[in-house]
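Next up: the same protein chain in two forms, each one alone, written as structure tokens (structure 1, then structure 2).
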Structure 1
């Protein structure tokens, strides 16, 4: 792995709504940001858990969906040209002899940064693991929660479990190359793009795949290799479905993950901060949004926005120790308007 070190003012861990707004607040304070997220796109919970659902309590925006909020935040932060590193998990945080913070990701990216903003929300997103006895032994051998290489499934008998977009998309995409596909879902209704649902139904009607309305109950096999899965319909007898692989798509869950080992004090899996600047017990390491805790904390997006503004003020003092902080309004400060690239529009 190439360990070329990226030197920067600030690294934001987590590109959820709060991390995205931090780009803006830090940008106004002349602080350049890199953002890292394990997901392959920005927006955190808004993008992953409720992109289509409206949010009604963003100040001055009576209604916008999770996806729209993400888009607007990206647009707002654009003048500051943040660098995104998606599909990577920040695994460690340590202090360098020079007093900088060194962050390393699971893909080997290394940052050296003056300040760190942990905006990790409820933690990193990981696939839900079905609570089936012994499933660990099959994981990444014949049971998968994501598809990395489609070729791996060529000529295989697949059981795909789930009723959302991932289950349906992979059913449709893998159907031409798998030797046989059985889609297993608990009910004969799907919360997925209508187009995918009709495609899947057409494949079933043409006899090109099977759909079973049932729950997964047991895995049968040896040494990590599945031979079959046992399916059970509510109130009926269980039956075995021979297969080579199981792909299970029950959605994502959030796990605190490596943030627990960053060395910052933890309280019930959250990072305690002081409410003057949202710094953790580690100087220069801030925590904003759902990941932090303090008396009266509410896990709302608007709280995270407020936290970002106060954090940025303290961050300015750390990144630009020789400069004096000036309180300014974006409406009236030509300096801020220059930074936003809007001075000519006025």
Structure 2
């Protein structure tokens, strides 16, 4: 059975700050967007790597965290009703006989769009694999690096490894439905939000889960199904912890991933673009933000915002070839203010 094709004006690959601002710039030009991101939430590197870390170089905002910037950009793009597709990666890009771009994700979602905007930062975030021999045989069977459906883990004995927000969040969220949860971390200090750490410790104190300060050393099982994991605590003999599934949250690394196979020209694992509209060598495929390169390129969020504005102007000509582009200011254009839903306040 063929997947239903989602037809749209634009697909934005990447929902980080630059991709989110592209929603706003494209929306002002009557271009509807779908966004695809491998993460389970918007914000990209800002949300995943430094949600609480201050950013000081966003124009007119002396200081804001990555999470705050993401929230503001989502609010700014809200009038244009973008559609988000989280937890999936665009695997292929090809031209249709009608001249559209067809994108297919690793979850089988298929898009056809007039333009494609690659705003994938330094590439796709991919999970860091724990350094355990033979773990590949268990991956996507009983070892997982993300939670797509919580019900999959109902009634299971879970070992969750890691000390960051993802590990703590899923420990707390899965505890009510799992038969038992053991959180494993190499030290008794956590990088997660203090509130999450407090909730986890309360569950341990109430006897509702276990916390082991130990290292994972071995996986035990057959045919991809775990029976137990071997843990090693400092100064103690190794022992086996029975479990059905291991959820490993060891952080993320960045790889260019399938973008490298899209057919666009590459230069040092980046996408060369022209500086008039940030189009790649593929007509209708743009690259903005840290994924692109050109003479004088600076890897700053504000640079990506500028690139999004010029990209949207060229995109308008492609999506609306029968219409004449009119440059307008949001401060004085009643048309743009209507689109933003602020005409009554003007």
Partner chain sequence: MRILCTDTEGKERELLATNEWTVMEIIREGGLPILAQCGGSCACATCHVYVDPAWKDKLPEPNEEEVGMLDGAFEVTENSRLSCQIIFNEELDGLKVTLAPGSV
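Rigid core (definition): largest C-alpha set, two forms, superposition within 1.5 Å. Here the structure is a predicted model, which means the values were calculated and not measured. Numbering follows the first chain given and starts at 1.
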Between structures 1 and 2, the form predicted in complex with its partner chain corresponds to structure 1
Spell out whether the Cα of residue 74 moves at least 2 Å between structure 1 and structure 2 when the two forms are superposed on their rigid core.
no
Does residue 107 move its CA by 2 angstroms or more between structure 1 and structure 2 when the core is aligned?
no
Residue 83 C-alpha shift between structure 1 and structure 2 of 2 Å or more, rigid core reference
no
Superpose on the rigid core and then read off how far the CA of residue 186 has moved between structure 1 and structure 2, in Å.
5.8
